[in-house]
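To begin, one chain is listed below as structure tokens, in the form predicted alone.
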Amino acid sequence: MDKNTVLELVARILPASQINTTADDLYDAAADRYKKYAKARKVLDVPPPAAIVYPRTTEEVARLLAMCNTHGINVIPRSGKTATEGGLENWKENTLVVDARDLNRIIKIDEYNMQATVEAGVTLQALENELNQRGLTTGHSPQSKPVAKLGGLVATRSIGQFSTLYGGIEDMVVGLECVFPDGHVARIKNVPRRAGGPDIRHIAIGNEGTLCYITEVTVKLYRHFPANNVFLGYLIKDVASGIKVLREVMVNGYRPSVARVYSEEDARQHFSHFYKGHCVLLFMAEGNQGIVQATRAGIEAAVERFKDGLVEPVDSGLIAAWFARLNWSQKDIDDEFQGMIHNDSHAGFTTEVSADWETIPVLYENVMKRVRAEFPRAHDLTMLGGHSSHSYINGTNLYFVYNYAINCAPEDELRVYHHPIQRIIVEETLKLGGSMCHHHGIGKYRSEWTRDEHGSAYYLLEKLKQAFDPNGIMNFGTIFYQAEGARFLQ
């Protein structure tokens, strides 16, 4: 089937105003932020989709998916375009990008039952603005908050900067509506909890567009007390010392909204004006006054217990000012993209993993040693470090962060720099029993390790794909390894 035939089939469902075949937009839709440097340099090695389509109703989504299922047309679900792991990258000639732009209604804010229902294309910031005016919040605040949309956040199992208090998106979703490749519309009702068999919300949450298309989401709401926020910061001797304090806070039952530890090099790029060559430990407590006061006391007690690892406290105003600038807007994204047209460097590539408390310090040291010893372009690294930013009763996450000068052809950048470093991180994480993907998802560029990530439980994941997408039309190459796409992975 050629692209003209695909477009003819789409035109039977949608009017021309909802079908985009503009060359520049199709080029942009061929890849997400994972290949932003190659995209900026106009050297993408993946095909553009046949079209981007903008359904306005769940019925239109159902008709589109059923048509694609019948004719074997690849579908890439899309909303806010902030994916970082290749989940929106196109590996098929005949592909439709189904964009949630026009599924953009805030359907209901239910203050009494503390939940809000929105369509998939509503930006998180737009919802938060409405809620904040009513003294409410979702508690979800990823760095992409100004541009990310609810459908994509749920589909990628995202997490926000305040997750240590509020949890990840999976802890916030009450119910949802989604469409499967055969056109079936499933609505999962909004209830506080139920024991009606397996929790079927999780078929959709985190599916990364490989099983279904999310059209509507209902999330929990919380009271919002920004005036009560308390910020605490410390310079510490090493990452392991910070991890000990994080653990002490968490196992004692306290839930700061933010709890982070930065290595020296990662601290340098965030806190150059006060880090003094040391690691940085920081917290934010939020909520009603009583909770904030108790949380602050718990944090200070934990720091006191492990004061041998402490260098000195940091002015809380410096921590508050940093948080105020943390989210990136569309302008920040555009400026970064424009910068890559002219600068041969990459800042802020990350691989995020998770493991238990005992494992995290060992994992950090193992990765640092291997990258410095084995990575053939280590001399091009301008920063190699990491931070922990999402903690739990039984462990925490670890962001490995690495910047580098690019001394190769733009189309080879990922193969030469990012992929070898990511391979070391994934290998060490899996070897120690951690998870190779804490919240950015598998996308396409960690799919070669999906079986290793899940082990014998991969059986469940594989059966879901066979049951819900037997024709394999949903987001080819994402989560589920495809030999046909292997040439893009190395």
Partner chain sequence: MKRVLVYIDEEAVEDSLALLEIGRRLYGEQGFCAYALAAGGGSGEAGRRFDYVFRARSGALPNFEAAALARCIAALHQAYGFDVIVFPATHWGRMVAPRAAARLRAGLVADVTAVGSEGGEIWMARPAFSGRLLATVVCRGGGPVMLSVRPRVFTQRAPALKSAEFIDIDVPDTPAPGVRLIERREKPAVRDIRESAVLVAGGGGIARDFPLLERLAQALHGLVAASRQAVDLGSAPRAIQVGQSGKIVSPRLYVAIGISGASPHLAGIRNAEYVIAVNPDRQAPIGSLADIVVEGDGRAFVEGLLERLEAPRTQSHGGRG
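Because the structure is predicted, anything quoted here is derived from the model rather than measured. Residue numbers count along the first chain shown, from 1.
The discussion below concerns the form predicted in complex with its partner chain, not included here.
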{"property": "Site test, 272, 332 and 339 vs its partner chain in the predicted bound form, non-hydrogen atom cutoff 4.5 Å", "result": "yes"}
{"property": "Residue 193: touches its partner chain in the predicted bound form, heavy atom cutoff 4.5 angstroms", "result": "no"}
{"property": "Distance check, residue 126 to its partner chain in the predicted bound form, heavy atom within 4.5 Å", "result": "no"}
{"property": "is_contact(residue 318, its partner chain) in the predicted bound form, heavy atom dist at most 4.5 Å", "result": "yes"}
{"property": "Any non-hydrogen atom of residue 325 within 4.5 angstroms of its partner chain in the predicted bound form", "result": "yes"}
{"property": "Answer option from 252, 343, 293, 229, heavy atom within 4.5 Å of its partner chain in the predicted bound form", "result": "343"}
{"property": "Options 309-317, 102-110, 359-367, 176-184; stretch whose heavy atom lies within 4.5 Å of its partner chain in the predicted bound form", "result": "309-317"}
